[in-house]
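The chain below stands alone, shown as structure tokens; this is the form predicted alone.
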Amino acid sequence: MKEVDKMRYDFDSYLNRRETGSSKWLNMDSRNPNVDRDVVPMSVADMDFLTCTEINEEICNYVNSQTLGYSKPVDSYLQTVVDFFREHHNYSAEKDWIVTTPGIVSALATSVNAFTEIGDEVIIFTPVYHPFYEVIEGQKRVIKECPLIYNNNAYSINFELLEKLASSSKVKMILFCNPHNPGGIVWSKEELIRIEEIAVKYDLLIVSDEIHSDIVFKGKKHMVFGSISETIGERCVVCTAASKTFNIAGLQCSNIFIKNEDLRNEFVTANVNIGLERANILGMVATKAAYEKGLNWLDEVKTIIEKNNNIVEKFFNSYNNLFKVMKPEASFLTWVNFENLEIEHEEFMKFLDIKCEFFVNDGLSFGENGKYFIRINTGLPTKKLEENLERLKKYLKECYNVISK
């Protein structure tokens, strides 16, 4: 990775995003209407860095030279996506496996709709990204939680429980987060193979959300679930997007790899039946530009995020085990346990919002076993991150006499 002081791109500047309807900024204002106007929130998982200039240029070129009518993914777009995954993830896919959608959450919902029936059961590993719960329960399917084992400030999969759950004839699917959100875990090949073995044994479909797979640290290697074997490739829906990696989520474009033709046709039909079509045209323009021209930006943003992650880790570790930081192996999200503070959950979250103006995600939104956690988005200029942490430090001392070493 590049040295921070030799950056080609600007990761120090940021924009006030209230007037654009940013979910993250509006959520901050709703939680504390009196928040200082210079505070940058660290909750919803998009980044507050300026967009990659090459992506901006391609969007402008398209808008200035084309109309914005109904558009489908063209061959050159699909080839770019296939090439990116072959080169960066060693995933040998075909263009006709790709179904574009407006987002991964909609693809998760479509998968539950298309491949299960009302009353069927779906396994999820908790804590996990909250839409996993919503797309199952909202379609009258039944959640079967397989809680991750939390030990030595790390998560592992309870394979004994997974197999027990999978053996039920009512279970039809596993919704999987790879890498894991909120834990930032890059699952190993051995873990994926074990899940595959259980899925094949009990005839389960795997739907794998891999939106956080491009920003990976510490020599870890992401493995696309569908690449584990030919067998799992035929019973796997791999959900991908450039949206987190290049901070273009507002353009609503995801690429869903479905190798099995019958499953792919069922997926497309389920979308057609609810009037959900292809991805946004500008999203496809931006994704193509990102994969072809944005790799230098990606290299640099990974450097900044890793720097920010280290700052967060050092900050919380200075509190003598009152906080436990699960250092992320992927993405710009850091999972922090505050149980040893012995402050009630609701009190602490209110303290963060109102007193500290330190806006993060409440771990409870990821499931009951996330109750004494917060998820911190480190995708913001380092200076603004440090300002947020300094306010937290000040008020921990002032309100609770909690002092760093």
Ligand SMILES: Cc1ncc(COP(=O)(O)O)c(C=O)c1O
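Since the structure is predicted, the reported quantities are computational estimates derived from the model, not experimental observations. Residues carry their position along the shown sequence, with the first being 1.
Although not depicted, the form predicted in complex with the named molecule is the subject of the following passage.
Partner proximity in the model of the complex, defined as non-hydrogen atoms within 4.5 angstroms of the named molecule, places exactly one of 99-107, 283-291, 167-175, 226-234 at the interface: 99-107. The named molecule in the model of the complex is not approached by R141, whose heavy atoms all lie more than 4.5 angstroms from it. Contact check for D214: no non-hydrogen atom falls within 4.5 Å of the named molecule in the model of the complex. A residue is said to contact a partner when one of its heavy atoms sits within 4.5 Å of a partner heavy atom; N181 meets this definition for the named molecule in the model of the complex.
With a 4.5 Å cutoff on heavy atoms, A45 counts as touching the named molecule in the model of the complex. Taking T245, N308, S111, S254 one by one, only a single residue has any non-hydrogen atom within 4.5 Å of the named molecule in the model of the complex, and it is S254. Site annotation in the model of the complex: the residue of W335, F125, Y129, F85 reaching within 4.5 Å of the named molecule with a heavy atom is Y129.
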